[in-house]
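Only one chain is included here, represented as structure tokens and corresponding to the form predicted alone.
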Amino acid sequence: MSQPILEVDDLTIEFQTGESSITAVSDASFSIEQGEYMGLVGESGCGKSTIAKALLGALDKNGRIVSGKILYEGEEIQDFTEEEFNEKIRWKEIAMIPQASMNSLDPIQPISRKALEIADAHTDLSKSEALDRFKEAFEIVGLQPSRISEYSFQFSGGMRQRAIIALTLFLRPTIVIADEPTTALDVIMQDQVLNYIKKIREETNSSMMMITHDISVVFETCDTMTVMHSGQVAETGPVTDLYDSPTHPYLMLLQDAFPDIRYPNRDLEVIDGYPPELTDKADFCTFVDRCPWAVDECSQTAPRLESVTDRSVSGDGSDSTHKVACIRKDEVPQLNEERKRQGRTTADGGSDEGDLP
């Protein structure tokens, strides 16, 4: 396997708040290959957007990387200066589709003006070259190239969303970060945006990191998934593996919290409790207070990401790409099956294992 285009290695990020500090990300690790779509999933406040900002050198002034590395094409970038990020990374290598992107356009300037500003700050493209590229990006997202000089108020909400995606794409970045691209959209517009995200893959060789609360969106559009809980990476690997064989208690319970049309009368799982507020790097499992299978050791040490034994294959089944941070990773799947067998019944009285084929 070739070297990943992006590697995050034991990354810890904290924010200073008055006399104290809050750890937003604690020893997080994952990687993205060239052309790969990776979904970053977790509850609000778990550190997803903080990681995205760190990749672009865009943390708030009170935020800093305490330890760990970010490698882009093998080069460490976590200590880049503002000038280095502008020159080497932002927009042309890593670009972001921001949250609430429909409201990110200036209503009193043509959309093409923003494209020219980006090109002027990050490239040597002439005005005509930049506009030609922007027209190509408009075509990718299904907008007429002739409309690049119009104002945002002349576009519908869905068209503004696509215009922002075009701005993200027009310098042909290697990695696109999509931060909650379907949040606050109706289901029709969500489907349109996801279709254009799929079209990006067909027409470019970009990788993507899709940040979302909606695990179903990741199952539909991504190759791999990284699940976070309160600053820690709980589980990471191919989407099919995490869908068929979730290993971390958090992902198991999270998956059972989603409705399934095959089992309309099944009770949905509820994950009780709240994530902890961390004032230091977590030296324990941050899911310990919410986990039904926690033991004393879970409160005493931070679990490391370790390869999972693929339960769907024969032999040792070791899969180095599917990793989980749980000291009981070999026991929890069976414990979960036993939990689901106890008292779960379908509407006709039969056993409902809750399996997801």
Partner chain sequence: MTDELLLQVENLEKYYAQKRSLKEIALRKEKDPVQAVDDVSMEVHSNQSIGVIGESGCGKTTLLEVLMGLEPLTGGDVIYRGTRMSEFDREDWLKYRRNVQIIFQDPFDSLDPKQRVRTVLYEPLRVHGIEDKEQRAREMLERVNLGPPEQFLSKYPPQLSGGEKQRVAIARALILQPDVVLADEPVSMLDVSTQAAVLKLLSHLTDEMGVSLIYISHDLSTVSYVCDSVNVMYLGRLVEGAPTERLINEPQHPYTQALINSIPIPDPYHERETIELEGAPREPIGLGEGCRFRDRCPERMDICEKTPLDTEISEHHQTACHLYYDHEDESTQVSTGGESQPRESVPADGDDQ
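No experiment lies behind these values; they were computed from the predicted model shown. Residue numbers count along the first chain shown, from 1.
We do not show the form predicted in complex with its partner chain, though everything after this point is about it.
J.: Using a 4.5 angstroms cut-off on non-hydrogen atoms, would residue 267 count as touching its partner chain in the model of the complex?
T.: Contact check for residue 267: yes, within 4.5 Å of its partner chain in the model of the complex.
J.: Does at least one non-hydrogen atom of residue 271 fall within 4.5 angstroms of its partner chain in the model of the complex?
T.: Taking the distances in the model of the complex, the answer for residue 271 is yes, it comes within 4.5 Å of its partner chain.
J.: Looking at the partner-bound form in the model of the complex, is residue 43 within 4.5 Å of its partner chain by any heavy atom?
T.: Residue 43 belongs to the contact set for its partner chain.
J.: Residue-level question: is residue 154 within 4.5 Å of its partner chain in the model of the complex, judged on heavy atoms?
T.: No, no contact at 4.5 Å.
J.: Which of these stretches, 233-241, 127-135, 203-211, 68-76, has heavy atoms within 4.5 Å of its partner chain in the model of the complex?
T.: Heavy atoms within 4.5 Å of its partner chain in the model of the complex occur in 233-241.
J.: Can you work out which of 140, 116, 185, 148 has a heavy atom no more than 4.5 Å from its partner chain in the model of the complex?
T.: In short, 185.
J.: Identify which of 82, 106, 191, 280 has a heavy atom within 4.5 Å of its partner chain in the model of the complex; exactly one of them does.
T.: Among 82, 106, 191, 280, a heavy atom within 4.5 Å of its partner chain in the model of the complex occurs only for 191.
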